[in-house]
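In structure tokens, the next block holds one chain alone, the form predicted alone.
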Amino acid sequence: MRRSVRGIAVVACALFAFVFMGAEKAKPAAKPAAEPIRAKIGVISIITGQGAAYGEAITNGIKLARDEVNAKGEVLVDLKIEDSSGKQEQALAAAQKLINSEQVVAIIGPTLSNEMMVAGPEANASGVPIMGTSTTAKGITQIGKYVFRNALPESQAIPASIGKAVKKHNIRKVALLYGNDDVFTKSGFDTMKEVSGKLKLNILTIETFQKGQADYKAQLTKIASLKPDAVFCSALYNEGGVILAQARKMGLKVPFVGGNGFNSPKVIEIAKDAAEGLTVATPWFGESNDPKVKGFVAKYEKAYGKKPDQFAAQAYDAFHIMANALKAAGIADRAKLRDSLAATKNFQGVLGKFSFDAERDVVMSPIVLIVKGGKFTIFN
């Protein structure tokens, strides 16, 4: 009897092992992990010279996004960063180096619209996707089918800021002030003039200045003598901050509406209390309760010891848009990446919901901000 029980147990164990091993063999083999998409992406930014605060924010935003994307392992990006110093010839040389020597699959940048006017055609002719994150002048994406931007153009931002200011302050008479030696500031002025005409505002005077100018007393004295209800100004942050400081010092207290160049904390840093009341439009509001925005602000502050501005946020989103398009393309190929980028719709970034239109330009809504208590807040 004992032998019978022992025999049955042995048979049962053997049967169990057979069934178990058979089941193990029957399991489908695990799929090998997909190889990551490896790509070199170029960045052209202002690292030195005037406008370096824009470039610092942009490169910081890109690096933060790069680290997040690379950590996931599906797309691995090697960044190649070139300094343009805000100069057209340097931006062009940087583009040529990235396209021909570095063989990048795409370029993010350059910082200024006048730089894109030379770098964009070079990239387009070479079949390299290039995306501006701060190039807001008219005509940028019309350069060619390989040229993109995720920066809200002046043509969308300025009507929103002027519209709010006109309604709030009952503005009827205005003075226009702009830098006439830069594509970006000239484009902002063109939009300000156009919007003023549509709103039937009386333009009392149009004053100009040059990049790097330090004294604006002549322009501001004339403006003050005409007693406008507001000043619409298109400038980069260096000139913009000084203009505000000098205007307030000489008693010109009317509201200022600024173009996209004023959307930097550097304006407040330069102008200090004189920046109070400055009105701008932007896709970015760092005090938003959106979890995505809060997460980005916390990561950026931890990494760089300061809060991100609009330029950092736009660059951060641009890199994620680029990485998503690479993933969708399935390969680091310039032409396929271009098509994948062009198909981007309803991307949810820290700037909100974003899409490219048929001309690879921005589809999103601006937010109007005003400087109060030394910081940008929602304009109510």
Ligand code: 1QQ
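Residue numbers here begin at 1 and follow the sequence given. Just so you know, these numbers come straight off a predicted model, no measurement behind them.
Same protein, other form: the form predicted in complex with the named molecule, not shown, and the subject of what follows.
Undergrad: Hey, in the predicted complex, does Y316 get a heavy atom within 4.5 angstroms of the named molecule?
TA: Output for Y316 is no: heavy atoms all beyond 4.5 Å of the named molecule.
Undergrad: Is A137 close to the named molecule in the predicted complex, meaning a heavy atom pair under 4.5 Å apart or at it?
TA: Residue-level check for A137: yes, a contact with the named molecule.
Undergrad: Residue-level contact is defined here as any heavy atom of the residue lying within 4.5 Å of the named molecule in the predicted complex; does L244 satisfy this criterion?
TA: No, L244 is distant from the partner.
Undergrad: Quick check on G261: any heavy atom within 4.5 Å of the named molecule in the predicted complex?
TA: The answer is yes: G261 has a heavy atom within 4.5 Å of the named molecule.
Undergrad: Looking at S113, S234, S161, S84, which has any heavy atom no more than 4.5 Å from the named molecule in the predicted complex?
TA: Looking at the other structure, the residue within range turns out to be S113.
Undergrad: Quick check for you: of 279-287, 222-230, 128-136, 168-176, which stretch puts a non-hydrogen atom within 4.5 Å of the named molecule in the predicted complex?
TA: Going through the listed ranges, the match is 128-136.
Undergrad: Are there residues in 174-209 with a heavy atom within 4.5 Å of the named molecule in the predicted complex, and which are they, in order?
TA: The one in contact is F184.
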